[in-house]
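Okay, so here's just one chain, in structure tokens, the form predicted alone.
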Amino acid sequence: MNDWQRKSPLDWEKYVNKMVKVAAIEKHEYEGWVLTVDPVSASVVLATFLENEKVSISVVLGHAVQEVEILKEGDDEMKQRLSCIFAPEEGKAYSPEELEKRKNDLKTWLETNHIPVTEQGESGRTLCVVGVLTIDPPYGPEECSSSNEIILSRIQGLIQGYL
């Protein structure tokens, strides 16, 4: 176990949102902004901003890290950019009325196609299909979840076609 792996999560937290240079085994060096450090493996997740707003993500495995040097502090704008990397795309914000209409339209369409669907949850916001798949607002294919991969795939395909 190396010195980097012996650090605690509180020690690693000091590197988050900072530009660093990571020296790894076999004389490899990596530079980037630290998104996070995995508390179990001590692996460092680095983000590098490329042209046209693309982002490259690198993971340096904890056992390979020999030294981490802070090159630059992240300002508030950089912290905001880093925090949005894995956030879902900013889609259209729906009003409660629009969400209710989307839910009712999808429920009606599913029932028309002989697919049993119920509403669940205290506010009835989640649709439950055949008792094994749920659809959360805003009721698109990405909001479907089920442990049954076949049903998940088929319902997502149907909803994609419906939309």
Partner chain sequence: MPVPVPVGVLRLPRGPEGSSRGFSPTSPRFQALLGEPAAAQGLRAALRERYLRGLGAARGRPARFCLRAGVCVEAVFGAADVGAVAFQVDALRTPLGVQAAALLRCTDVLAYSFLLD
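Each form is matched to the other, and the largest set of C-alpha atoms that superpose within 1.5 Å is called the rigid core. Only a predicted model underlies this, so the values are computations on that prediction, with no experimental measurement involved. Residue numbers count along the first chain shown, from 1.
Below, we refer to the form predicted together with the partner chain, which is not included among the displayed structures.
- In summary, the region of this chain contacting the partner chain in the predicted complex, judged by heavy atoms within 4.5 Å and restricted to 101-109, 120-128, 23-31, 134-142, corresponds to 23-31.
- The partner chain is not shown here, but in the predicted complex it comes within 4.5 Å of a heavy atom of Ser58.
- Contact annotation for Pro116: at least one heavy atom lies within 4.5 Å of the partner chain in the predicted complex.
- Not displayed here, the partner chain is kept clear of Ser95 by more than 4.5 Å at the level of heavy atoms in the predicted complex.
- Of the heavy atoms in Leu50, some are within 4.5 Å of the partner chain in the predicted complex.
- Counting a residue when any of its non-hydrogen atoms is within 4.5 Å of the partner chain in the predicted complex, the hits in 1-27 run Met1, Pro9, Leu10, Trp12, Glu13, Val16, Asn17, Ile25, Glu26.
- Taking 2 Å as the criterion, Lys14 does not count as shifted between the shown form and the other one: its C-alpha moves by less than this amount when the rigid core is aligned.
- The Cα shift for Val130 between the shown form and the other one, taken after rigid core superposition, is 2 angstroms or larger.
- With the core held fixed between the shown form and the other one, Ala23 has its Cα displaced by under 2 Å.
- Whereas the shown form places them at one spacing, the Cα atoms of Ser147 and Pro39 lie at least 3 Å closer in the predicted complex.
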